[in-house]
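To begin, one chain is listed below as structure tokens, in the form predicted on its own.
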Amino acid sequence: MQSISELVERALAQINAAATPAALDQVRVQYLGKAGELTSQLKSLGSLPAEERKAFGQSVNAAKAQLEEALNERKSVVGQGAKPASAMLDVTLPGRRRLAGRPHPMTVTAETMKRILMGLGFTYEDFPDIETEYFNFDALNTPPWHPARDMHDTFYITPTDGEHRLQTEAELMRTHTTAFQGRVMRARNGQVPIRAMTTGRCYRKDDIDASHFPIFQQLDVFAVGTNLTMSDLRWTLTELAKGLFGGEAKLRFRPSYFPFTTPSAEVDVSCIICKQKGCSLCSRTGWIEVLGSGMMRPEVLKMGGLDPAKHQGFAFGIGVDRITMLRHQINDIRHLYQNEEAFLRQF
């Protein structure tokens, strides 16, 4: 017992004298390490009479706890005193400049499209990313058997049993901003003309590669009135293309199919890099596909509360990511979402 008391006194003196973390660690190893002096005391426990072992073991454990507490206290003091002299403020040094923030290139592209369309009389309306299955599919004439409704394509929020949804009115992460059309038409209570647009994030279960990402941004536009034709759609898209790519931009319409428009058309823009001479970006064709469009189906107008016998409408959807990549010649969509500082500094 006396040797333990002397050992503790000696260790405490060395702990208080330690001026650096390294010196303090040496004291710890000397007394509490695997071959330390206090640890060695426990090894002699077996040589003591049985009636003395309990008291001796308790004394060693108490000494160990006392030294550990002293080491921790001294460690905090030594750590505070080890601050480098450079921590002092030198007011003669030049200040540390912080880089100014800039809008993301996709934000700039979306705002440019919105500004062009507002100049053509369209109003902007915003909607949440979470949508009901009705407005995302049913109100857009998407049949129940359509593969876009399957769980391997769409992020459903509604609980499932593994294969089937447990609620009839399912909620999901919208797969396209086109879902806003039914909400806008119902909110207008049959009043026309309507010229509306929205933009935002959409979600689909795509494999990630240079041209696909589970999240993408889309701009959707539609107009409803009387005597609207494909000529009105073409004029609107031409003005939008010229505002985005310059006055020399040309458009080409190709027949296509969408559940919510008829007739439908894929729209190509003349290559902004080679000026239709042929390059790798346009696959030597001179044209680049940019959006889908068409005249609104009667079923869509009817589900929006409008009379298809009196009203006509056109609609189109365009990927903000796609247009951003074209305008800035970005070859990988992942750059737009990975938030790499080196990439964003270019803008």
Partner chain sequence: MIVNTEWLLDYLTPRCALADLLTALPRVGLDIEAAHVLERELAPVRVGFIRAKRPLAGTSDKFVCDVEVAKGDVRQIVCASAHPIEVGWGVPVALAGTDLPNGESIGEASFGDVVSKGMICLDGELGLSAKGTGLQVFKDEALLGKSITEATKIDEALVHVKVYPNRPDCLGLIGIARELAAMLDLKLVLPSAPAPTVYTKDSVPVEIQAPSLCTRYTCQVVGGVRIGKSQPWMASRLMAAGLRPINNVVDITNFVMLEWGQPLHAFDLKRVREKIVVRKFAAGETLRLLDGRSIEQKTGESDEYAPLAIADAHAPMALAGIMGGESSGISETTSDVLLEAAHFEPTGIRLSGRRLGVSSDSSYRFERGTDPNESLEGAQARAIALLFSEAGGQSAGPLTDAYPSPAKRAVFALPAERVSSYLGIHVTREQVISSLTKLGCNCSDDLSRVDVPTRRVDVNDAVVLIEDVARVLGYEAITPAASPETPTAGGTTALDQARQAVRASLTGSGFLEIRGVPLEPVEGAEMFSQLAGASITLANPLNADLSRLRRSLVPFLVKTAVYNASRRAVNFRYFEIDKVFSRPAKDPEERWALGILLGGALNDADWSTRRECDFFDLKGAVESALESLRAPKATFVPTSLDGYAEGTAAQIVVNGAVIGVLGQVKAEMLAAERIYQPVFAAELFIEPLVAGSRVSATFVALPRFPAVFRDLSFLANRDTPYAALETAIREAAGAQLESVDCMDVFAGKGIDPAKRSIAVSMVFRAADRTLSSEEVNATVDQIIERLGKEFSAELRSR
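Positions refer to the first chain, counted from 1. Take the two forms, superpose them, and find the largest set of C-alpha atoms that agree within 1.5 Å; that set is the rigid core. All values reported here derive from a predicted model rather than from experimental measurement.
Unshown form predicted together with the partner chain; subsequent notes refer to it.
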Checklist outcome for this item: From 187, 210, 273, 151: within 4.5 Å of the partner chain in the predicted complex by heavy atoms is 151
Next on the checklist: Please tell me whether the candidate spot formed by 123, 217 and 256 is one where all three residues come within 4.5 Å of the partner chain in the predicted complex (heavy atoms).
Outcome noted: yes
Item to check | Partner contact for residue 265 in the predicted complex: the partner chain, 4.5 angstroms, heavy atom | outcome: yes
Item to check | Partner contact for residue 296 in the predicted complex: the partner chain, 4.5 angstroms, heavy atom | outcome: yes
Checklist entry - Any of the heavy atoms of residue 11 lying within 4.5 Å of the partner chain in the predicted complex? => result no
Item to check | residue 155, heavy atom within 4.5 angstroms of the partner chain in the predicted complex | outcome: yes
Checklist entry - Considering only 314-339, what residues come within 4.5 Å of the partner chain in the predicted complex, judged by heavy atoms? => result 336, 337, 338, 339
Checklist entry - Taking the rigid core as the frame, does residue 101 move its C-alpha by 2 Å or more between the shown form and the other one? => result yes
Checklist outcome for this item: in the predicted complex the CA atoms of residue 152 and residue 200, compared with here and shifted by at least 3 Å, lie closer
Checklist outcome for this item: One pair moves by 3 angstroms or more in the predicted complex: the C-alpha atoms of residue 150 and residue 296, which are closer
